[in-house]
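A lone chain, given as structure tokens: the form predicted on its own.
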Amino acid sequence: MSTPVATAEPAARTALQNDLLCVADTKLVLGNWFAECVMNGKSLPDFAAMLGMCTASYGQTRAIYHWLDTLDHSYGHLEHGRGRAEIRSMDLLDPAPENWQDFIVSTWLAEQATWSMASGFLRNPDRTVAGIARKIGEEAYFHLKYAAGWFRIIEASDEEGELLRASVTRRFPLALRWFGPLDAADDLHAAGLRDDPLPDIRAGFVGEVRSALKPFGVDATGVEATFEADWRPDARRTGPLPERLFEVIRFKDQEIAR
């Protein structure tokens, strides 16, 4: 029998909140990537798609924040009260995109990674958590299809294809690092709060990335993550959010947002 969240062991309960906050904060930064880059779209359909992906990412962020508010967190603090060292987004998204190809690769990896992580909660005993995970998957399906279409366009050009491969080389190890060391304990799976153990989820993510990139001549085998001394398992990242990125993504004071 699955362990309800409210009665789970403290370590598992904390781990669940940490992982969901990592997903939410990554979606927050991802939404801002779409918002900031929308004017770089190549056509009107790009503008519409990127704005749609932006709002979907924000919606997922706020849904998780609201769920965390029912536990030990304050919704107001999550949106307005945290500094850049407290944001737990994937550091894959710390460096701004260098070109359109890098934008497509980076957002695709972030979507695939967050969906892979969320998929482990599809049968979570808390129906709200399971519902959020299912919604992330439904919306990620279309976001990933958008990127896949661009991969085919990019690969038609030798120059753009080379830029795509260079981006994968830089960004894929960062995406892998988000899942943590292979030998890390998975308290959530042990407590019945995650469907599959994290190593299996990570392996599924790697398989999806490799199979998706192989038709475009991108060999992603043998890529591994590196972990600096200040990598934090609770935040799944190294160091604080860059100052310039934090200024872009942070929710502004309510008084000036009216």
Partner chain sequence: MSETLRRKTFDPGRERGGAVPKYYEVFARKNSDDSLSHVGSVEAPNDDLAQVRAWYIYDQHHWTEMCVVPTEAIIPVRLGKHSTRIKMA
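Bear in mind the structure is a predicted one, so any value in this text is a computation, not a measurement. Positions refer to the first chain, counted from 1.
The protein also exists as the form predicted in complex with the partner chain; that form is not presented, and the subsequent description refers to it.
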The unique member of S211, T226, S43, T221 whose heavy atoms fall within 4.5 Å of the partner chain in the predicted bound form:
S43
Identify which of F121, W150, W108, W178 has a heavy atom within 4.5 Å of the partner chain in the predicted bound form; exactly one of them does.
W150
Have a look at 121 to 129, 73 to 81, 151 to 159, 180 to 188 and name the one stretch with heavy atoms inside 4.5 Å of the partner chain in the predicted bound form.
151 to 159
The partner chain contact at Q101 in the predicted bound form, heavy atom, 4.5 Å
yes
So, V29 and the partner chain: in the predicted bound form, are they within 4.5 Å at any heavy atom pair?
no
Closest heavy atom of P233 to the partner chain in the predicted bound form, within 4.5 Å or not?
no
Any of the heavy atoms of I201 lying within 4.5 Å of the partner chain in the predicted bound form?
no
